[in-house]
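Shown next as structure tokens: one chain only, the form predicted on its own.
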């Protein structure tokens, strides 16, 4: 096969065969195709797209570029959740212990934050000592004993994805739905799962700004999961405002603890219950999502969900004294309170700008090599539809450097739009695709 001919073939809109896709992925992974040619191929895919069959074949080739974990020795269903990410999206920290407490095995391989969206690994690593880099032996051992594990992608899991994603990031081809699908599903299928719950975000703080694009991505992911005989449910959820009130790595762990202890009740709890309910349903421990939601709430009420979170943190080396007493966590050097300059109804929140404000404070990375400050972040109070009076608090900013405060403050003010008339609150779950 000839890489130039294959680039031309896709440029003209033709579909690749499975053998051609296997050749492309194998050759690129083995450094037999240079970056400049694979970049041209990615752009051709971005512009011309892929069929369902091509997307499934691409996922399979990327999946088998490395190890596929076999969890057959562990009894019970293995169900995971994947979110396309957003601002304040910390549901993994909540639903993994809930599902594990319900008897579902949760083998979760998560990612890091980049840009305005946070990453589960960065949040977990804000807990001193928490290890996200585990051997496959440790990975299996923790699932078998505690029912859940949360780690990062290892060099053995879907190595083709690591190479291709880095190239997509610098060639303006990240938004391609077939490429997103293969990237997500190759990693998730490598975990050894039986089923997957998808949380596809849409709105100002999401990767997919338009609901129609989110639905298209959800259907692509679902079709690919079904091609591998995996059970799957997709949720299209709102990201037109931060999820919950806490943004930033330790701050999000703190809010998750309070949710699991039953102290906070907000839309973050509602979404976490829906997602964990779907996981419990897919895992055969409930006859419906609704019953799964009831089980999830009962596991919070009786303390078993929080106890499971404690066990997972301890098993992965985290300092559990901060889980027992989160108020003892080290404090930020600088705290800035922001109040509203006028009165009105919150009609719009630019969630991307709120996420970027958290990044400015040190809670995220501009570049992959940037160091994160775990204490940095924002407590963001208002929600769309709320009435706010002049002088009422909007947010509290936390950081280690006073010079980082001013640009973050301006971003927060710029992110909020007020209306004189009452506006409707956005629907949290826009669609469920089963």
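Residue numbers count along the first chain shown, from 1. Treat the numbers as computed from the prediction; the structure is a model and nothing was measured. Throughout, rigid core stands for the largest set of C-alpha atoms superposing within 1.5 Å between the two forms.
If you look for the form predicted in complex with a small molecule, you will not find it shown, but the lines that follow are about it.
Student: So in the predicted complex, does residue 228 come within 4.5 Å of the small molecule, heavy atom to heavy atom?
Tutor: No, residue 228 sits far enough from the small molecule in the predicted complex that none of its heavy atoms falls within 4.5 Å.
Student: Do residue 179 and the small molecule share at least one heavy atom pair within 4.5 Å in the predicted complex?
Tutor: The answer is yes: residue 179 has a heavy atom within 4.5 Å of the small molecule.
Student: Give a yes/no on whether residue 83 approaches the small molecule to within 4.5 Å in the predicted complex, heavy atoms considered.
Tutor: Result yes; residue 83 sits at the interface with the small molecule in the predicted complex.
Student: With the partner left out of view, is residue 140 within 4.5 angstroms of the small molecule in the predicted complex by any non-hydrogen atom?
Tutor: Heavy-atom contact with the small molecule at 4.5 Å: absent for residue 140.
Student: Just to confirm, with a 4.5 Å cut-off on non-hydrogen atoms, which of 168, 162, 258, 78 contacts the small molecule in the predicted complex?
Tutor: After the contact test, the surviving option is 168.
Student: Note which of 332, 183, 245, 340 lies within 4.5 Å of the small molecule in the predicted complex, where distance is taken over heavy atoms; exactly one does.
Tutor: By the 4.5 Å heavy-atom cutoff, the listed residue in contact is 183.
Student: If contact means a heavy atom within 4.5 Å, which one of 348-356, 265-273, 305-313, 83-91 is the stretch that engages the small molecule in the predicted complex?
Tutor: One stretch meets the cut-off, namely 83-91.
Student: Superposing on the rigid core, I want to see if residue 234 changes position between the shown form and the other one - specifically a Cα shift of 2 Å or more.
Tutor: After core superposition, the C-alpha of residue 234 moves less than 2 Å between the shown form and the other one.
Student: Once everything's superposed on the core, is residue 162 shifted 2 Å or more at the Cα between the shown form and the other one?
Tutor: Passes the 2 Å threshold, so yes.
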